[in-house]
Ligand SMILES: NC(=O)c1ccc[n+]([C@@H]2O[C@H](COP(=O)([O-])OP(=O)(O)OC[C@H]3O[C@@H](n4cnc5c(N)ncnc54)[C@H](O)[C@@H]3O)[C@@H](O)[C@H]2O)c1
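The chain that follows stands alone, in the form predicted alone, written as structure tokens.
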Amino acid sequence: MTLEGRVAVVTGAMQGIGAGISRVLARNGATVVLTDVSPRVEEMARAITAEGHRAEHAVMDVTKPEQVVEVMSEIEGRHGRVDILVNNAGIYPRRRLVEMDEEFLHRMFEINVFGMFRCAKAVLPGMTERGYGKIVNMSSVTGPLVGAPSGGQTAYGSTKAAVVGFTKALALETAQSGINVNCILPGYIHSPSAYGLRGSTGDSDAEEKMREFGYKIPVGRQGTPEDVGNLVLFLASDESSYLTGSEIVIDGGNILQEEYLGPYKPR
């Protein structure tokens, strides 16, 4: 699969899954524009460029409609088009429903759902005019398929279920325009932002705890951001031209377990 000559925009690309996706797309020939609310996204873009690939960056807050339009327009003006949009920006704080205020709830939806609406809306006119486009939305197994017994995920799970509905409706809306819209549902992915959620008490034991946590998963490990990136690569390539409106789980078989029979051996 090659993305040579394609222009891709990845949101929430400073670290974790977004950074992994950006690396994979760039290594496979795309010119990747990494966007994030944090100016530190420039560091990741520079790291990809240092590997000999084409990467740029833009500071963009998906909760600000005018800024989204401005950044996307600037990218299209510089490159002539946006071929691929990866809607990855998202947050996942936990809070029980009875402890949740309106501000918390609105912020979750502003970033995790409405941010995708804004970014897709900004690139769709150009994609429609050219009769080509790939939109990949990041959902999660949490919400559409599973929840955590510890609770605190009602807002997050609801936003990720909304992403699935958004994907299917937009896929049908754009199917006659040469645009493919699909979503990915990651399970447990190894990322520094998840250290505390996997039992780590600090940097000293982080890798050990993350590795031990992976033994609960049938394939014996947590996923990597590049694992998700490889799936995005397929969905962003011409090889996926007959695939639209799909929701694809990538979780090492974790949600298949009706009964936990681990620990599993790493492969």
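Since the model is a prediction, treat every value here as computed from it, not as a measurement. In case it trips you up, residue 1 is the first one in the sequence shown, and so on.
The form predicted together with the named molecule is left out here; the points below concern that form.
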Can you pick the stretch from 75-83, 152-160, 171-179, 124-132 whose heavy atoms fall within 4.5 Å of the named molecule in the model of the complex? 152-160
The named molecule in the model of the complex has a heavy atom of only one listed residue within 4.5 Å, and of 120, 111, 71, 164 that residue is 111
Residue-level question: is residue 100 within 4.5 Å of the named molecule in the model of the complex, judged on heavy atoms? no
Do residue 254 and the named molecule share at least one heavy atom pair within 4.5 Å in the model of the complex? no
Given that the partner is absent here, does residue 24 sit within 4.5 Å of the named molecule in the model of the complex, heavy atoms only? no
Can residue 143 be called a contact residue for the named molecule in the model of the complex at 4.5 Å between heavy atoms? no
31, 183 and 233: each with a heavy atom within 4.5 Å of the named molecule in the model of the complex? no
Partner contacts in the model of the complex for 78-116 (non-hydrogen atom within 4.5 angstroms of the named molecule): 88, 89, 90, 91, 92, 111
